[in-house]
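We've got the same protein chain twice here, in two forms, each standing alone as structure tokens: structure 1 and structure 2.
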Structure 1
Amino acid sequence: MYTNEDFDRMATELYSAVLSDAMDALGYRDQAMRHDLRPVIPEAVIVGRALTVLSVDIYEVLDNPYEKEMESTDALQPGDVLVASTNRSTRNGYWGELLSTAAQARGARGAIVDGLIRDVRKIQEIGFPVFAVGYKPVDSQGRGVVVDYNCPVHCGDVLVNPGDLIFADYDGVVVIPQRIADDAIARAFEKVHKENLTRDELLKGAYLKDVYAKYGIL
């Protein structure tokens, strides 16, 4: 079980590209989400466990439109990352300032929304890390509804299961399945170490082919 201190270390020392490389080496080659999921705060790094949410478009105003939306947000625990699939909705402004505030107060480390969000300036002001496809000022009421959470979801073209590790930075979002997390993270730290050695030798004028032959890193 990873702690927030573990996640903090990963956020400081690792990055999405090296984790993607580590999963490539393990045979998991399709763990990077689509390129259009971008950070609201450019320097944000999100690392934590996935709490997944499934939302669908609707075309009527329900009597209790926010029931599972509130329930899923209130279910967040310290170290969680909310990962929301909206089925790529362009109608539904699923996430906003108040959900960000509630998630932050619950100890969540960020949110990944494969869809549209709103209240972007407010989210930036409170400093809650969110990745999303785009912005639209509409409310979810009558446009989308959360139908389930803590279930498998397809987010950013990657299957995400509850408890999978999420790592997101300016390059993008990667999903690390629980079953390979320890191995992938260990490989990533090892590669970072070798990349640092490679960089030092390149800065001293070594030829790339010679350094690659020595460390096998590019």
Structure 2
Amino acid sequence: MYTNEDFDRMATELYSAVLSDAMDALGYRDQAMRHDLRPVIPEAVIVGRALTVLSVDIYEVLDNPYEKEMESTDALQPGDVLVASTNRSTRNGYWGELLSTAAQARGARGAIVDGLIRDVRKIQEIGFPVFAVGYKPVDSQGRGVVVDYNCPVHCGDVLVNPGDLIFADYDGVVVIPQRIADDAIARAFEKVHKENLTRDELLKGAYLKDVYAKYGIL
């Protein structure tokens, strides 16, 4: 099990592209989320364990509208990343400042929301990294409700199971299934080294054809 220090080291030395390549090599080729999930804080890198949430659209104000939304956010542990599926809702503003503040207080490392969020300026101010499809200034009350958490969800068209590793940076979000995490991460650290050699030769003006023949990396 990874510690926060492990996650910090990965955030510094790895990047989503090299993890995607490592998973390709292991035969896991559909682990990158849809490209319309973008970071609220451009320089953010999120690494952590998925706590998944499933929210769905509704059309009435329920008696207890935030029950499981609060419960799932209160359940976050240090090292967790909240991964919320709204089934691509464009009506609901699933996440906002107060939930970010609460998640940050719990030690969460970020949130990935396959849907819309609000209070974006304030989320940027408190520095809680969130990836989302877009922004809409509406509350979830009467628009969406959390029906379950810590269940399998589709987020950005990738299946995410609770406990999967999440790595998100400016290029996008990748999901590393728990059972291949050690292997994928080891390969990623290796590949970073080879890419540096390739880059150095290209910077000196070498042709791609020759450099690729030498290192087998592109």
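Model, not experiment: these values are computed from the prediction. Structure 1's sequence is the ruler for residue numbers, which start at 1. The term rigid core refers to the most C-alpha atoms you can superpose between the two forms while keeping them within 1.5 Å.
Each structure shows the same chain on its own, and structure 1 is the form predicted alone. When the core is overlaid, the C-alpha of Tyr207 ends up 4.4 Å from its other position between the two structures.
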